[in-house]
Every structure is written in C-alpha cells, then in structure tokens.
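Okay, so here's just one chain, in structure tokens, the form predicted on its own.
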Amino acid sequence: MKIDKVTLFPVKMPLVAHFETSFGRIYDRECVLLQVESEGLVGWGECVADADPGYSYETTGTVMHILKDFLLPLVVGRNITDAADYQNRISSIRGHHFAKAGFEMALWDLMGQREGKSLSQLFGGIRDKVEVGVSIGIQDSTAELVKRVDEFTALGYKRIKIKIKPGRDISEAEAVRKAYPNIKLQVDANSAYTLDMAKSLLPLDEMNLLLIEQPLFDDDIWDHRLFQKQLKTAICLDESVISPRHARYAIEMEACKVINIKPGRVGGLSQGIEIAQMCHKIGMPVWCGGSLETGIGRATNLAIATLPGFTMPGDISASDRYYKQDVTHDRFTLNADSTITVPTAPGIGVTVDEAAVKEFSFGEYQTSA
C-alpha cells in the first residue's frame, strides 16, 4: 500500500488530575499523533513520548525530529507491504522506538481498514474484553493515596498499581494492603532504586503483591536477576525491555518473572506481538502497560492485550481516568467485571475527533509523495 501523505500533530492535553511518578509530576500530557493517508484510506497512530526525558530519552521534540528528518523520508511515497516490511525499511534508524511505533500503529490501522478486520482479528486475539486495572501516581500523603484507592475501587477497578520511590514505598504499600487485604495489588518504581537501595524493598515480599515493577535502572537486566533471586514476589521488567532481543536476554538471565509490554517502548505493535509470543511459549505471563494514551493508543493497547499470554490486568483504564475530552469520539468505559470491551470496527476501531486534535495541537507538519 502506497503511503501518500503524513501529517504530524504534536498535542498537549490537560489531565483530569496530576500524575506523579518517581521522576516527576505532570498536569498535562504531550504526545505526537500521526494521520497517514494511503490510497483513499486514513490511518491514525500515536507516539507516546512525553514532553520530558523522564521515562525515556525520547520526547515529543525528538519524535518530531526523527519522524520529519529520518523516518518519513523512508516511507512516504513508497509501497509498504506490512509491518515486517516497514520495520525492515527503517532498520537503519537506531533506537527512537516511540517514533517508529507511532507510524507502525497508523500502518496497522490502514491494513485493518483495507482488509475489513479489527486489530484484534489481525493479531489473532482470543477475547472480546480485556481485564484492566488502574495506575495511581504518588500522592501528597499516604492518607490521600488510600483515598484515591477507595475512589477507584468504588468505580469497579479490581487491580490497583501504585507508584513508589525511596521514602514513599513500604508504608504506602502497607497502608493500601491493610485497607484492601484481598485486592490485586502491585507496585511500580520506574527505575528509582539501585541494587543496594533495593534491599529496603524486601518487606514488600510479605504483602502478597502481584509483582514489583522495574525497581532498578532502566538499562539494567543483570542486577534485576540478582534482586529477583532475593524475592519470592515476581519482578516485572518494563523500561529494561526495549526489543524482542532484550526480552530474550531477560528470560535467559532469569531477570524477571513477568514482562510489561508497551508497544511504543519496544518499537511497534509487531515487536510487542513477538515478545508476547516468545513469553507465551515458555509460560511467562505478560500484560499491557500504559502511557496515558489517548483513545487512539488505548484502542491499540486493548487489541494487543487480546492475545494469548496476556493473563494479567493491563494498565489501560477507562477514558475518563485521564481525560475529560479525548481526541476520539469513542469513549472506553469500565465494565462491571473490571474489563474494557475491545473495539471491533476495522483498523484501530475508533473514530478520531479531528476538531479536538486541532484544538489540542501546538503545531503541525505535513509531507506528501
């Protein structure tokens, strides 16, 4: 399919409430949306890089640069067969996975529309609903954290993830576990600890957690192996797994017992699928993390989470968890059983609100064949 035209929209969207992790607090979320036109069809993608290089070195600024100056010249005006062909064409670009994943998402949207199939159908998904949980950022106090957990459990979320950092870890988890002895609970450090510091996290091993996510450095796999040996609780890798190759390293080193698959982080939905298949073969559970996506990215996360092996609740959440107004006309809502229904329309399965995209955008770049 020939790529005729691509338009980039860097957008900034206000959050319903601030979101804080170990690397900072945000009140708005930035990302880059892509509108890709091909042979009369229009596909949409989302680059999940944020404004600041906290979670990743990629930012909305670097994404715009890489897309405009390096990636789009390799694909605009060319006939792209499928995701594998696309990945081969851009293989000369090292890193910059968020930028790569954003375009590939739009490509999948186009392929689904062309074939009259939803992404879940294209991927070989096995479920029409995905079990989800909610991610709660660091709050101003432990009491405020428990209050937030109260609010989300009242809405029907049956799995809770809390963000932690040094000094805001054991007491926070203890308070939530005391208030909710039986709820599915996990913690996420976002690389806030060294191996020596991680000893302070050992009490978490007695709290019946689903997992401890990414306690050590973002580029580390070996020390996670050493820390996993000290725990019965599963370590889950997020930032450290940036490709199927890194997933293989983690598996062979026994550095973790679970992997969080974020398509943006690993360079595209096709790469996430490859990791999921690798883990499924050996019985390692995976789940789909979130990056505060708009309805575009949220729809694709739901689609990949329908694959076999995604046996743990995803960080996908309902649309109103983050945004009063989204960039899609479709809104995702939480079902009574803590699931979200997967789109079934061709492609990503949602309709983009182009007026909202323009309202939130702070720039625009367009290139055509």
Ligand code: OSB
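Note that residue numbering follows the sequence shown and begins at 1. It should be emphasised that the depicted structure is a prediction, and the values quoted were computed from it without experimental measurement.
This next part talks about the form predicted in complex with 2-succinylbenzoate, which is not shown.
Participant: Given that the partner is absent here, state which listed stretch (286 to 294, 266 to 274, 164 to 172, 227 to 235) has heavy atoms within 4.5 Å of 2-succinylbenzoate in the predicted bound form.
Facilitator: Looking at the other structure, the answer is 286 to 294.
Participant: Looking in the predicted bound form, any heavy atom of Asp315 within 4.5 Å of 2-succinylbenzoate?
Facilitator: Judged by the heavy-atom cut-off of 4.5 Å, Asp315 is in contact with 2-succinylbenzoate in the predicted bound form.
Participant: Is Gln113 close to 2-succinylbenzoate in the predicted bound form, meaning a heavy atom pair under 4.5 Å apart or at it?
Facilitator: No, Gln113 stays farther than 4.5 Å from 2-succinylbenzoate in the predicted bound form.
Participant: Taking heavy atoms only, is Phe9 within 4.5 angstroms of 2-succinylbenzoate in the predicted bound form?
Facilitator: No.
Participant: Indicate whether 2-succinylbenzoate has at least one heavy atom within 4.5 Å of a heavy atom of Glu104 in the predicted bound form.
Facilitator: Outside the cut-off, so no.
Participant: Is it true that Trp44, Asp326 and Phe332 each have at least one non-hydrogen atom within 4.5 Å of 2-succinylbenzoate in the predicted bound form?
Facilitator: No, the candidate spot makes no contact with 2-succinylbenzoate.
Participant: Considering non-hydrogen atoms and a 4.5 Å limit, which listed residue (Gln139, Ser240, Asn190, Ser118) is close to 2-succinylbenzoate in the predicted bound form?
Facilitator: The option sitting close enough to the partner is Asn190.
Participant: Taking 2-succinylbenzoate as it sits in the predicted bound form, which residues of 28 to 57 have a non-hydrogen atom within 4.5 Å of it? Please list them.
Facilitator: Residue within 4.5 Å: Tyr55 only.
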